[in-house]
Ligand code: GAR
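First, one chain by itself in structure tokens, the form predicted on its own.
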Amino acid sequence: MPPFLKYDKRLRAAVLVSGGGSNLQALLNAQKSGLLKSAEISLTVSSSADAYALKRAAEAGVKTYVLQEEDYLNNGFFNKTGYSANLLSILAKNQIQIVVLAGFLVILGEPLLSAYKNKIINVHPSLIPSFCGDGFYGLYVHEAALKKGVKITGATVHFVNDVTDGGEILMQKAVDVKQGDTPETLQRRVMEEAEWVILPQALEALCASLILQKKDL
């Protein structure tokens, strides 16, 4: 276990982003309102220099860092190990204890996953095990749900491991699919009614539980 991951009264969280950062904003709002009592958003890392999420973080006074996915491409192949190793170094230097993937589109690997085992969570826009795994992200998830004709969808917060969307489920919330829904309208409602609700709740519950256990993190 890395020596920098020690018990504290509030855990230092890093939020990993790739785009607009609406889930990051939900976490920042929860922090401002006092919902997050056991976690502090201390760092935002973006896989894109153009991500609007970086502006959200800066306006909230949160330190930002850009680790571009494109810098780790070689002949069309992504160097997952190199990216994950450098990300681990950034997290360690900032004494990060909990990692939150909030619309983060990079697939992580070793040595990061081992260093932060059961300390990385992700929010996914479906009720896992439906519409998840490789290729299911963003609007593709909602397009698949509508094509399948399901009447209920939702969002899931889960631990991150070496299987895409395969980690233990921490929290889920259902959302009704309405007649006439498009992928865009469904995406927006799932965010508003599920993702923005359960992501802060799951983060707080996890951090509070770890602190209560008073175990090395």
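Nothing here was measured: the structure is a model prediction, and the numbers come from that model. A residue's number is simply how far along the shown sequence it sits, counting from 1.
In what follows, reference is made to the form predicted in complex with this ligand, a form of this protein that is not presented.
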Pick from 69 to 77, 143 to 151, 103 to 111, 87 to 95: which stretch has a heavy atom within 4.5 Å of this ligand in the predicted bound form? 103 to 111
Please determine whether Phe136 contacts this ligand in the predicted bound form, using a 4.5 Å cut-off between heavy atoms. yes
Is Ser22 close enough to touch this ligand in the predicted bound form, meaning at least one heavy atom pair within 4.5 Å? yes
If we define contact as a non-hydrogen atom of the residue within 4.5 angstroms of the partner, is Met191 a contact of this ligand in the predicted bound form? yes
Find out whether any non-hydrogen atom of Lys119 is located within 4.5 angstroms of this ligand in the predicted bound form, and reply yes or no. no
Within 105 to 126, the residues that have a heavy atom no more than 4.5 Å from this ligand in the predicted bound form: Leu105, Val123, His124, Pro125
